[in-house]
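Starting off, we have a lone chain in the form predicted alone, written out as structure tokens.
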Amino acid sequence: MINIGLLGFGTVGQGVYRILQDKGEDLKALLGLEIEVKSILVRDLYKERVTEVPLSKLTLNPDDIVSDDSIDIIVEVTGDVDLSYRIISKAFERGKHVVTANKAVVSAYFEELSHLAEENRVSFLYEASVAGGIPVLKPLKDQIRLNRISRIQGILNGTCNYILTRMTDEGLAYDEVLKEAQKLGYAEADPSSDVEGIDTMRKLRIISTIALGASITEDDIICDGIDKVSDLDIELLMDRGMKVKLIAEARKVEKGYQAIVQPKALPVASYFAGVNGAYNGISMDGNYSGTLGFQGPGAGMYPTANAIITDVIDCILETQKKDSPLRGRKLENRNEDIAATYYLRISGYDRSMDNIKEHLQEVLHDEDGEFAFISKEVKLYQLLHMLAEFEDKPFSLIAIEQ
């Protein structure tokens, strides 16, 4: 018997419970052991839930689960950072494996928790923390055994991708699509973590640290979101045969690395331009493997729960190494060297901003106080420094894939 302590019983937690109930006999035949969810952490014992569960399994106290010596694996799906960190740390010290979908806690404490798990010879698995239901972290860990990964990039937030897809396909305004996404449950009431790129940045922090072998922290990543992208931007770039996507990218460069989350205009025939709706996509470039691509649902009850239970099975079968995947490589942050051709739209443009025109390559729009153009190749920091002088002028900045 393998006993699981389930921390959190929202959408994903209920998905985990349902799959384990539905597939119980199949998993028993596969593993030779029965898997039982022994205890579930909830905020309200008597809340009405779609998924029925015996009251005896519910608790309000996380220590009831962590301190239970009969529980072998902790599945953490709370979304809370401080509580999760405390529980996960204590679970490791008590010799319990941990599976989590919580990208915020993995990102914030990646090195510490990875080393703590290794010291206690337990598994720390977090496949569901990046790209939801897409199995990408396990293949990435496999690839770094043999390959030098020179670049990893992806569309890592389904909310942003859904919004941009609707804006592109239907010509809708950002605010209109955001409201619809909130009604459909794709976006939270406070969508800032998604649309400002923070959620994507945390996921890039995790996959880039594994891929490049150096600790690339949240502070090491330039982060921009889609909240300033307008339907005009989408239209002007579509007229040039390009789609806008929020792209996370980390790459090895001479003397170091570059890591950035930013809106990017891609040729309509490119791989990431074809990743639409709430789907995610990832690609990694290895010196022997070449470019590998992964695509699938980035969230959802069952896709995310599927990734979690796959990690649970790996804990039981010990099919993933307990050693930390972190390699302690020393690489210098070279974000100051990032340069590209950019699409730039400025609202309320006037002559006081004419110094920006030194970077102008082609004007796309100059009407009703909106000035949009394609720049020459320019360093990102130089362009942002110039724009910072005009704080009262809203702008949209989109890198152009060459």
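As the structure is a computational prediction, the values presented were derived from the model and not from experiment. All residue numbers are counted from 1 along the displayed sequence. For the two forms, the rigid core is made up of the largest set of C-alpha atoms that agree within 1.5 Å on superposition.
Quick note: we don't show the form predicted together with a small molecule, though the next part is all about it.
In the predicted bound form, residue 42 approaches the small molecule with a heavy atom inside 4.5 Å. Among residues of the shown chain, residue 83 is one whose heavy atoms approach the small molecule to within 4.5 Å in the predicted bound form. Heavy atoms of residue 101 reach within 4.5 Å of the small molecule in the predicted bound form, making it an interface residue. The closest heavy atom approach of residue 79 to the small molecule in the predicted bound form falls within 4.5 Å. In summary, the region of this chain contacting the small molecule in the predicted bound form, judged by heavy atoms within 4.5 Å and restricted to 27 to 35, 46 to 54, 358 to 366, 337 to 345, corresponds to 46 to 54. Think of it this way: in the predicted bound form, the small molecule has a heavy atom of just one of 272, 110, 186, 257 within 4.5 Å, and the residue is 186. The Cα shift for residue 186 between this form and the one not shown, taken after rigid core superposition, is 2 angstroms or larger.
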